[in-house]
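Here's a solo chain for you in structure tokens, the form predicted on its own.
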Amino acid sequence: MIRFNGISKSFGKTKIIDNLSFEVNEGEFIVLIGPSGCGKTTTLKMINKLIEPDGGSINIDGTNISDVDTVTLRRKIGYVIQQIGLFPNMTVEENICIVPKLLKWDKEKCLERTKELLELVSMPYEDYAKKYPTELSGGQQQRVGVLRALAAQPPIVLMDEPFGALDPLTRDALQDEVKTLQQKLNKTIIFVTHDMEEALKMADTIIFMDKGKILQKASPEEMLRNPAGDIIREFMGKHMTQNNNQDLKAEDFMNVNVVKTTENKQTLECLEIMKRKKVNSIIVTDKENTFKGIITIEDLKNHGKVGVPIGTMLNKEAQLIHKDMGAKEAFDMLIETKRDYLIVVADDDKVIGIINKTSMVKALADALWGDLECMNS
């Protein structure tokens, strides 16, 4: 358990944290959120003594952290930031094992832990362990940053807007992965964000801060139902106002986590993507993300040849809908065409999402009871 007792902090004449007190239970996912300058990052950094409070105390499992050696404390707390901070001259494996090596883990134990963690995020050891950060995508680098924070099995992990610089698809996927890892490994996570949608998706408990104080500490559902003030209500924004919204459009409830590839991909590469993503079809676009067709497992089985790009066997009969199409029209089309999904495009046929029956159920539930995403996170 982490306990803040009457914490205060000022920079010059500006009070950043004002008599802050709260508790974080073991295994809880806490999200700190609020307007810029509210004190959320300062609060996070006090836990690993990157910032020292002016007054009050912070206890971890009953021990005041001011009585604990700083290096010892930090080796038991994982830390992930937006800038990732991977060492460019080290391989993925070396980056992951920095803290375990400082803790004198032997080579075999480090190897076993690296393989275990990379497997958890679908980055096989054989393919990624010896690569350098510059050889990875932004999402892969951030995954390694998360794994590094988890490597020495710390009971507490601090995350300061870790996904803020990523594109929406990668961000959505990493949010799912981190939440799954947290539940699987029973880690206590304190997570800072300015994005209410991210907070609602990730948190067991949301702490909303303003001017160094806590305005509300509540579950996502409770905060949605009973926001404690106008500033919280404003942050909730669309998550509250979409209830019973008769003007719901396709882009409001589409799934943005689309499995896509390009025309130059070959048969075996596409089969590997389908296997990894557990899908039976992939949307195919050009480099500008313009829709070109779909490729199905049946297409690959009947026409695919090793070493031949899939562009020659694309299925052009997929159903495209514009992002501004009304919800009812989209629902009716999905049911009447008996398709697995509709592809949502912006202007110039740029693919931005899909609508399937899961999307439809969620949109209908949201219209009746509000944003239920927090109940499933």
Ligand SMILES: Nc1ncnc2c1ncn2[C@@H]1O[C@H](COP(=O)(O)OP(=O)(O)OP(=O)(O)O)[C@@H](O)[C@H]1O
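Note that the structure is predicted; figures quoted are calculated from it, not measured. We number the residues from 1 along the sequence you see.
Unshown form predicted in complex with the ligand; subsequent notes refer to it.
>> With the partner left out here, check for me: in the model of the complex, does some heavy atom of Ile16 sit within 4.5 Å of the ligand?
In response: Contact with the ligand, yes.
> Heavy atoms within 4.5 Å of the ligand in the model of the complex: does Cys38 have any?
Replying inline: Yes, Cys38 sits close enough to the ligand in the model of the complex that at least one of its heavy atoms falls within 4.5 Å.
> Would Glu197 count as a contact of the ligand in the model of the complex, using a 4.5 angstroms cut-off between non-hydrogen atoms?
Replying inline: Looking in the model of the complex, residue contacts with the ligand do not include Glu197, since no heavy atom lies within 4.5 Å.
> Might Glu221 be said to contact the ligand in the model of the complex, defining contact as any heavy atom within 4.5 Å?
Replying inline: It does not: once the ligand is placed as it appears in the model of the complex, Glu221 has no heavy atom within 4.5 Å of it.
> Here the chain is shown alone; which of Glu251, Glu161, Asp299, Asp204 has a heavy atom within 4.5 Å of the ligand in the model of the complex?
Replying inline: Going through each option in turn, the one that passes is Glu161.
>> Quick check for you: of 28 to 36, 346 to 354, 326 to 334, 55 to 63, which stretch puts a non-hydrogen atom within 4.5 Å of the ligand in the model of the complex?
In response: The contacting stretch is 28 to 36.
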